[in-house]
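Next comes just one chain, in structure tokens: the form predicted alone.
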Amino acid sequence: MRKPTRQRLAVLTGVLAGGLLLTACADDGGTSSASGDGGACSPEDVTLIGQVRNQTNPYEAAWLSGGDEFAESVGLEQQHLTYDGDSQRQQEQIRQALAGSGMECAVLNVLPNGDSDTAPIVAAANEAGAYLVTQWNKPADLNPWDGYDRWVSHITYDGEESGYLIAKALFESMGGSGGVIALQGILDTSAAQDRFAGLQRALSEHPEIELLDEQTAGFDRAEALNVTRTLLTAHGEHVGGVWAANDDMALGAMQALEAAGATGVGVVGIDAVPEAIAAIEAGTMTATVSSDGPWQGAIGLAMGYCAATGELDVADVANDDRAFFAEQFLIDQTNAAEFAEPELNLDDVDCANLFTRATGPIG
């Protein structure tokens, strides 16, 4: 990603001073180490696999694009797996990808469909001996350090903080009063749950803002278009803002607002997809949050690749870095131009820099 002036979200407290940097040694709560004592795969023998829900979601397309760029940088190709939000299909794809022998040099960077999907993915990778990085969704009581030597890391974002900050931006654009509707994501995901908790926190601080209604739209634009149409019919002119748990739903909501001839309604989302940033620049959308999709697509593959080739010893990675919150950025009209063309900086996914975006441990 380009190096814009970034508005950093709140950093979790309690991070050990050395826990975010790669150093020469480690202990359970301290620092992480890159060494030659990890895997023994030749670079040309490594298989790179990226799995997301679909490529029609611009954020997930950016994820795969970042993975492709990393793969090209090490002379490999990334295999794309997409499961269209179908948990059963996701599990079957994982099983097929790991079928047969010789998977010890396979690397998977996976977006589990929901929290309950992570355990079987971890079990399948563990049985095959493949390196795994998961992102966004996992049960709170399932951790990489609990006997999973090749589950390198789990990366997520402080969803409550991002949901809270876009809500604050929305409420400010509404002048601090009025009615809002909320579009939730897939309810069996910590991302959706945490983001909605952030909205609820913001609402508790703004008694003049009323939550008129909330419904799930599954992180999907077409579904959000239909849900927003229904909610506009029910609440009409009382709707002064739309809070959406991702940009795809926000863009669907904007289509519904345009079709209904509704003007002056603020809309916020999360993911910083190009269409959303363009809308923010144009003044038709209020704010979004970036988790940097290209970096996510690259960093998971990079972690597994560095472990497979022996440049990172997973045994030396501190627990703080094996399940962590990563840096994210609030985007509004004041800085949207700086994020308009996201680019992967390969230095950010070098084996020496794998954990530099960690802002604190999960938990």
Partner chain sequence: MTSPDTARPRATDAAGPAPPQGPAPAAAGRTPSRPRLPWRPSGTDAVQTTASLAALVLMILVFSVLDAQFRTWGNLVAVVDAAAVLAVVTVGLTFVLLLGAIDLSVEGVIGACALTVALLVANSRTGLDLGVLGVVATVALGAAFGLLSGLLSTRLRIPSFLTTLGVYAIGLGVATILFSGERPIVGDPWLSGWASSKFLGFAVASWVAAGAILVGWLIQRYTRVGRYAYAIGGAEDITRLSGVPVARFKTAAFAVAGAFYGLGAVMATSQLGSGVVTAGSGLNFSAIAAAVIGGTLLVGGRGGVLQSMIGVLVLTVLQNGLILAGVSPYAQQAVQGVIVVVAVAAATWPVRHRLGVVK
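Basically, rigid core = biggest C-alpha set you can superpose within 1.5 Å across the two forms. Small disclaimer: the values here were computed from a predicted structure and weren't measured. Numbering follows the first chain given and starts at 1.
One more form of this protein, predicted together with the partner chain, exists but is not displayed; see below.
- Annotated contacts: Gln55, Pro58 and Glu214 all touch the partner chain in the predicted complex [non-hydrogen atom within 4.5 angstroms].
- Proximity of Arg150 to the partner chain in the predicted complex falls outside the 4.5 Å heavy atom cutoff.
- Heavy atoms of Arg221 reach within 4.5 Å of the partner chain in the predicted complex, making it an interface residue.
- A residue is said to contact a partner when one of its heavy atoms sits within 4.5 Å of a partner heavy atom; Leu98 fails this definition for the partner chain in the predicted complex, lying far away.
- The closest heavy atom approach of Asn113 to the partner chain in the predicted complex falls outside 4.5 Å.
- Of the residues given (Gln184, Ser290, Gln135, Thr286), Gln184 alone sits with a heavy atom within 4.5 Å of the partner chain in the predicted complex.
- In summary, among the residues Gln255, Ser87, Asn126, Gln79, the only one with a non-hydrogen atom within 4.5 Å of the partner chain in the predicted complex is Gln255.
- Remark: of stretches 166-174, 184-192, 87-95, 113-121, the one touching the partner chain in the predicted complex is 184-192 (heavy atom within 4.5 Å).
- Residues Asp220, Arg221, Ala222, Leu225, Asn226, Val227, Arg229, Thr230, Leu231, Thr233, Ala234 are the members of 217-239 with a non-hydrogen atom no more than 4.5 angstroms from the partner chain in the predicted complex.
- If you fit the rigid core between the shown form and the other one, you'll see the Cα of Ala250 move by 2 angstroms or more.
- Annotation for Asp149: C-alpha shift under 2 angstroms between the shown form and the other one, rigid core superposed.
- Core-superposed comparison between the shown form and the other one: CA of Asp292 displaced by less than 2 Å.
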